[in-house]
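In the form predicted alone, a lone chain appears below as structure tokens.
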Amino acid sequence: MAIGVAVLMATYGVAYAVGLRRAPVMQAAAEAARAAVADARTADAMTWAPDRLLTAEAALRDGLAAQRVEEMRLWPIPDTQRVVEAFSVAERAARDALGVARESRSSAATAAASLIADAEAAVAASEALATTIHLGAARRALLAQARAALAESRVYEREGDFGNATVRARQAVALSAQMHDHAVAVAARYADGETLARWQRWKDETVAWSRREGRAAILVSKEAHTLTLYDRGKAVKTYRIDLGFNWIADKAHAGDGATPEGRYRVVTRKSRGATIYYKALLLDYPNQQDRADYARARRDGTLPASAGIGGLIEIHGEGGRGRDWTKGCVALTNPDIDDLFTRVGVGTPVTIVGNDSYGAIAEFARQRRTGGALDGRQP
């Protein structure tokens, strides 16, 4: 009997010793699985690979449960292989979640950066357009919203929230697109064949009159921002000019900031002291055609009832400011208006056109209509 007990105790001792050696193996497998799951969580796998992370966490729980079962068994030799395999499943799933999370996050970061770059280009193009095309309050609000959406997208990108960064960048692009649509509507007539032909006809008739009469005539090209003096049908001097702040449009009513287009004449020469703008040549705006256009617009309801036709359109001094700032007049530097004063008098024809050829604004309108690429340069 004593011998049997001794044998049993010895056997149990050997088994217990074996069990003690296997316990660290299970613990090491558990720690490796826990570390892998923790790495996946740190990499925000719950955002970028949620299904895979949940699978890994479930496998880890299964492994811990299996470890507890083996540690509580009466027979002291645990089934180490079963426990280690359970933790290995959890570790592999966690590593898989980590890899997918990193790849998904990288792809999202790249996509967000690309969209933000598109938004930056779109907003820059809108800002460039805003320096060329006068914007009403609603369009200025659109541009402000586009700038704000772009700024927010950059903040979200820095914080690693690429989903919201993408959403804000897309909003900035969409708001800029609305700005561009407005710009195209304004610029479209610069690409209109009938309008270009009319402007060219006005120019040809003005030059022909100068040649026939042997006298001076003035041609103003709004897009080029030039005033060219013709004498006997030859261009003899070209001056740089500032225009109305809404120069790209044809004048429709008082206060719209547009420089009118048409064929006019100098009706008064204003010397120093007779104008706040150094010297000035007063034009006969509104002429008969302007009055007819104004009356038609009032009948059509395209002008507010309070809008007057306007007047006092001049070629005057105080220009050279590097921007378009007048209320519709043509401004030269004071030395240039001095020079022009010596060359023209009352009755001199003044023809004002949008452009006398197919220019950059026309090309901008054509590209936008056909889906061509736009950059941040002014039209």
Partner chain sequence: MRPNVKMWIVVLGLAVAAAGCGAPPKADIDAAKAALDQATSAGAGEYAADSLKAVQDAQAALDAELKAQEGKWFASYDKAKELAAAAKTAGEKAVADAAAGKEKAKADATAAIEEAKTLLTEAQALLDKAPKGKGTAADIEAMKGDLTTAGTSITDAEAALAAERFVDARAKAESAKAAATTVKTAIETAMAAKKG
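Since the model is a prediction, treat every value here as computed from it, not as a measurement. Positions refer to the first chain, counted from 1. Definition used throughout: the rigid core is the maximal C-alpha set that superposes within 1.5 Å between two forms.
Keep in mind that the form predicted in complex with its partner chain is not shown, yet the notes after this line are about it.
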(request) Using the partner position in the predicted complex, report whether residue 159 sits within 4.5 Å of its partner chain, counting heavy atoms only. (result) yes
(request) Check whether residue 145 has any heavy atom within 4.5 Å of a heavy atom of its partner chain in the predicted complex, and answer yes or no. (result) yes
(message) Residue-level question: is residue 62 within 4.5 Å of its partner chain in the predicted complex, judged on heavy atoms?
(response) yes
(request) May I ask you to check whether residue 151 falls inside a 4.5 Å heavy atom distance of its partner chain in the predicted complex? (result) yes
(message) To verify the annotation, which of these, 295, 155, 185, 113, has a non-hydrogen atom within 4.5 Å of its partner chain in the predicted complex?
(response) 155
(message) If the cut-off is 4.5 angstroms on heavy atoms, which of these, 271, 164, 81, 200, is the one near its partner chain in the predicted complex?
(response) 164
(message) Only one of 319 to 327, 338 to 346, 24 to 32, 306 to 314 has heavy atoms within 4.5 Å of its partner chain in the predicted complex; I'd like to know which.
(response) 319 to 327
(request) Establish whether a shift of 2 Å or more occurs at the C-alpha of residue 30 between the shown form and the other one, with the two forms superposed on the rigid core. (result) yes
(request) Establish whether a shift of 2 Å or more occurs at the C-alpha of residue 264 between the shown form and the other one, with the two forms superposed on the rigid core. (result) no
(request) Compare the position of the CA of residue 86 between the shown form and the other one after a rigid core fit and state whether the shift reaches 2 Å. (result) yes
